[in-house]
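One chain is shown next in structure tokens, namely the form predicted on its own.
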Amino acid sequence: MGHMGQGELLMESAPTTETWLVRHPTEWRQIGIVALYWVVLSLMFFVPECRNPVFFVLACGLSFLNAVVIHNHLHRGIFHSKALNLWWRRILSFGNLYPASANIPAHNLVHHHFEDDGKPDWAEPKVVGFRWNLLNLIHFPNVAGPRTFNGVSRWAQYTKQPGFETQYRSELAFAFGLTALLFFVDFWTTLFFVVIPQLYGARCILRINLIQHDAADTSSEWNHSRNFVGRAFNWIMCNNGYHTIHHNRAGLHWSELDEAHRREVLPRIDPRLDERSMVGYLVRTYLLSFRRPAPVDGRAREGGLAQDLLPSRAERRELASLDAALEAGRAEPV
């Protein structure tokens, strides 16, 4: 397959099927995840009998999935309507108690390109360095979180994207305003059965950066990310286990990542970066092992393979910058 230009990459972003209200029929799965999360939080808040470990654990899991939906939505808005997309960002922001629009600079621009442009990834694995690897997993959000939001603030001040700051503030106001109202109504119920789940998802999505990139070779084209390829896992996670192809083809709709992973990534990736089970990997890496996994030499693995499948990293950075500017520019007041 030959080298793809910017025009072809832009075409990746267009879904092949459009339906009423949403851009792709699979988006109803994401809407269902968020709706179920709000139902569970509401039941725990209003129905005392639902304040139990089962509902609490379910809320924490759905909070993490809410953060996954933030990731997908900030790459490609779910709805045809600009106003609905911006309001959906506010709803998602409440689910994890941070402005969803922060993903535009933090993830789409900075994280997707590692250190290629000489600037650090705010949530790179090496920000933690404990000898006991479990401590790295536990402590990672405490370092990556402040670095990320400091970076977002600097980016907003420097670039002054039209509409971004207004939308960002509206998401802050909605998320923290609604949470404050719940605190006013019932402080302890809100603290234990709303805020803890909100923060659980926000902290776990940061940990994913460590899990997916630690010991991978971020200087390589195909061996920079760890993938989790279980079918049931990816159905629930909206294909977010296929991380290599998502980095390399950020314009692909999430529903297409599994096929693209099998077609493009599998022939080029070190088998150690293609995991069947995330749970199995976590147990093996953080509970049964004291030290970090051995580094993967991705460029050595790719040495004998044709490298003309992708545009250059510089081209991909430029495209991501244009796309992020578009997403930020869409955030005009409504």
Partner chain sequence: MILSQEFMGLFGLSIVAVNTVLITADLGGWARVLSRFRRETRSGSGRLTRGALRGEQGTPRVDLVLVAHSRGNGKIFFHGRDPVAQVPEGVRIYPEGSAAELSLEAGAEPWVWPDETSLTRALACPDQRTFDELAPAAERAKGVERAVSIDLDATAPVYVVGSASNGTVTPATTSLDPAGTSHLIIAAFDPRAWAARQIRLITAGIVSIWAVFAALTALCFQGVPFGLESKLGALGLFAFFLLVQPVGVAIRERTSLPHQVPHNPLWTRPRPSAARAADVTASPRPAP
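All values derive from a computational prediction rather than experimental measurement. Residue numbers count along the first chain shown, from 1.
There is another form of the same protein, the form predicted together with its partner chain; it is not shown, and what comes next is about it.
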Next on the checklist: Can you tell me whether Arg272 touches its partner chain? I mean in the predicted bound form, with a 4.5 angstroms heavy atom cut-off.
Outcome noted: no
Checklist entry - Closest heavy atom of Arg90 to its partner chain in the predicted bound form, within 4.5 Å or not? => result no
Next on the checklist: Since only the chain is shown here, I'm wondering whether Ser289 would be in contact with its partner chain in the predicted bound form (any heavy atom pair within 4.5 Å).
Outcome noted: no
Checklist entry - With the cut-off set at 4.5 Å between non-hydrogen atoms, does Arg147 touch its partner chain in the predicted bound form? => result yes
Next on the checklist: Would all three of Arg154, Glu165 and Phe193 be in contact with its partner chain in the predicted bound form, where contact means some heavy atom lies within 4.5 Å?
Outcome noted: yes
Checklist entry - Of Leu182, Ile236, Val143, Ile211, which residue is found within 4.5 angstroms of its partner chain in the predicted bound form when only non-hydrogen atoms are counted? => result Val143
Item to check | Position in contact with its partner chain when the complex is considered in the predicted bound form, options Pro295, Pro48, Gly280, Gly303, heavy atoms within 4.5 Å | outcome: Pro48
Checklist entry - Hey, of 212-220, 194-202, 79-87, 238-246, which bit sits against its partner chain in the predicted bound form at 4.5 Å between non-hydrogen atoms? => result 194-202
